[in-house]
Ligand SMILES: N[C@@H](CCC(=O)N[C@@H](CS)C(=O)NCC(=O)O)C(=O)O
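Shown here is one chain on its own, the form predicted alone, set out as C-alpha cells.
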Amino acid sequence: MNIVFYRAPMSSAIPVASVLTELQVPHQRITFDLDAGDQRKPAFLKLNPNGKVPTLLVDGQPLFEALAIMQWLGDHFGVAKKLWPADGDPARFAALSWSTWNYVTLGGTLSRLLTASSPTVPPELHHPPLAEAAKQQVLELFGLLDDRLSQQPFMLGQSFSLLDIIVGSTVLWAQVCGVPLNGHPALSAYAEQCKARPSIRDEWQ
C-alpha cells in the first residue's frame, strides 16, 4: 500500500501525524507552506477541493478530513495493534462516539472561540462576549472529559488507544488557545500523559 501524507506544521494535521507515527505506518510525507499557498495549487485541489491539510493519498485515492483519516487508519492498522477497537468490540461505539464528539462538539466550540478572539483572525470578527461564552462552553465540555478520566486513565479504559491521540491533541490545542485546565485534575493529568507520549510529543515540537 502506497500512502502519501500531506501536512503542515502546527496545523490540524498534527494528530494524523501522531497516529501514523504511533502505528508505524510506512508513508511519504509532503510538508506544505500554508502561508505560501501550497494548499491552493491546482494539482493539490484535485485531491482535496477544500485546499486543506491533512490529506492522505492511498494508492492514488485521496482521503481528507482528519477524523475520517484517523478512523480509517484505526480500522486498517490500529485493530491489529490493539490501538483501535474492531467491529463487534463494545468499545468501538465509545471510540466512534467520542472521536466524533471531539471534532464536532469540542472542536467546533474551540473554533468559535478562535474566530471571536484569535490574533490570527481579522479584528472586525472579534467579539468578546461570544469569546467568553465559547470559553465557558469549552470548560463545561472539559468537565465531561474530567468525569470520564477520573474513573479510568484513558478514554477507552486502562490502555492507551488512538482515541487518546484524537482527544488529547484537541485538549493540548485548547491550552495553546488559552483555555486552562484548572479545576479539572483528572484531565490535567491526562493531558500530561498525552504530552509525554512520543508519538504526540514529537509532533508538537
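One-based numbering along the sequence shown. Being a predicted model, the structure only gives us computed values, none of them experimental.
The same protein also exists as the form predicted together with the ligand; that form is not shown, yet it is the one meant from here on.
K.L.:
Ok, I166, A66, V171, M155: which has a heavy atom sitting within 4.5 Å of the ligand in the model of the complex?
P.N.:
Contact residue from the list: A66.
K.L.:
Under a 4.5 angstroms heavy atom criterion, identify the one residue in L144, I30, L34, C177 near the ligand in the model of the complex.
P.N.:
Contact residue from the list: L34.
K.L.:
Please identify, from 22-30, 45-53, 134-142, 156-164, the stretch that has a heavy atom within 4.5 Å of the ligand in the model of the complex.
P.N.:
Answer to the contact question: 45-53.
K.L.:
Does any part of S188 reach within 4.5 Å of the ligand in the model of the complex? Heavy atoms only, please.
P.N.:
No, S188 stays farther than 4.5 Å from the ligand in the model of the complex.
K.L.:
Mark R40 yes when one of its heavy atoms lies within 4.5 Å of a heavy atom of the ligand in the model of the complex, and no otherwise.
P.N.:
Yes, contact at 4.5 Å.
K.L.:
Residue-level question: is F77 within 4.5 Å of the ligand in the model of the complex, judged on heavy atoms?
P.N.:
Answer no; every heavy atom of F77 is more than 4.5 Å from the ligand in the model of the complex.
K.L.:
Even though the partner isn't displayed, in the model of the complex is W101 close enough to the ligand, meaning a heavy atom within 4.5 Å?
P.N.:
No.
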